[in-house]
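First, one chain by itself in structure tokens, the form predicted on its own.
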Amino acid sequence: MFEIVDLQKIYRMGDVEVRALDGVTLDIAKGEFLGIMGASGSGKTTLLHMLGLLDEPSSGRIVIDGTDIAKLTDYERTMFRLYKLGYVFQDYALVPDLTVMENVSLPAMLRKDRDDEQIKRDSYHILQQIGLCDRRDHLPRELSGGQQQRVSIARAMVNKPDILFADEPCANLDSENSKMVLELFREINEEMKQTIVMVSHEDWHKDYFNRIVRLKDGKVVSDGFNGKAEKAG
């Protein structure tokens, strides 16, 4: 599904050069629940943004399902994100004046291949799957933090993405709500065969991933399955 070759991201601050990613090479298979882990500043979020087409690498190659991302126009990249990718962020990013149902429907409304009835059915179905149908007419402020994050997961899933990206989705949650959200991700991965790539700095989260890639100073230092990471290289 994913082929990542010698990915580099360099930021320049005056005369100073910072290598946020320094030669990352990975393959990601369909159906994996991959955790990208490491200390603050290790390059986790930078890598996620490259893979999710939210930023461009300084050099290197990203191929998704046979598509070389570097060869896409800006419009094609936008359409690729809309039709192929889903995103969950740590701050929920819900529209405060829209209901739960309306928030979930937003990405589907941007597509040109569904009518209003199909959008409504798809949004209702994904809310059923995450157990929030009874909250569909509520506003975000009427929900707990854990519920808001579950709504953001439903919104990311409504377009049935090939890959779901999650950037520190539990960062603003307590342990109980974090566990609930992680259990939901695991359920989505196992029951819906959803490919998930998640960034986390919490070591206990590793129990939920079926593969873990650890970064340090922009490089892969270990990569393995079921918590048994093998040193890279």
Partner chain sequence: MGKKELKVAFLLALRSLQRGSRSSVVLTVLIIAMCFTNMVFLPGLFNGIGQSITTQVVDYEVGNVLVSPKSGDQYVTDLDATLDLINGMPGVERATPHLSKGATLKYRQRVLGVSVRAISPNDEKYVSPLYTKMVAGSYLGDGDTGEVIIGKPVAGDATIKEEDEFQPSLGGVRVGDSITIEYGNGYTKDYRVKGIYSTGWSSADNTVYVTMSDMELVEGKPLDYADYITVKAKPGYSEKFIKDELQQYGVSQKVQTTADLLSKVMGQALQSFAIINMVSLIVGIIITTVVLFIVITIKTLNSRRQIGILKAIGVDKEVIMHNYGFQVIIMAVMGIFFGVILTALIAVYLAANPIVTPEWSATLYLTPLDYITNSLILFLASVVAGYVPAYQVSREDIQSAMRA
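Predicted, not measured: the structure shown is a model, and the values here were computed from it. Residue numbers count along the first chain shown, from 1.
Missing here is the form predicted in complex with its partner chain; even so, the following discussion is about that form.
Student: Taking 4.5 Å between heavy atoms as the contact cutoff, choose which of L143, L98, C133, L72 touches its partner chain in the predicted complex.
Tutor: Exactly one residue meets the criterion: L98.
Student: Using a 4.5 Å heavy atom cut-off, indicate which stretch of 182 to 190, 34 to 42, 204 to 212, 53 to 61 touches its partner chain in the predicted complex.
Tutor: Among the listed stretches, the partner-contacting one is 53 to 61.
Student: Within 4.5 Å of its partner chain in the predicted complex, do we find a heavy atom from each of M1, T25 and K30?
Tutor: Heavy-atom distance to its partner chain in the predicted complex: none of the three under 4.5 Å.
Student: I'd like to know whether E102 contacts its partner chain in the predicted complex, with contact meaning heavy atoms within 4.5 angstroms.
Tutor: E102 belongs to the contact set for its partner chain.
Student: Taking any heavy atom pair closer than or equal to 4.5 Å as contact, tell me whether L94 reaches its partner chain in the predicted complex.
Tutor: Yes - in the predicted complex, heavy atoms of L94 and its partner chain come within 4.5 Å of each other.
Student: Indicate whether its partner chain has at least one heavy atom within 4.5 Å of a heavy atom of K120 in the predicted complex.
Tutor: No, K120 stays farther than 4.5 Å from its partner chain in the predicted complex.
Student: At 4.5 Å between heavy atoms, is Y11 in contact with its partner chain in the predicted complex?
Tutor: Yes - in the predicted complex, heavy atoms of Y11 and its partner chain come within 4.5 Å of each other.
Student: Determine the residues of 18 to 53 with a heavy atom within 4.5 Å of its partner chain in the predicted complex and present them in sequence order; the list may be empty.
Tutor: Residue within 4.5 Å: H49 only.
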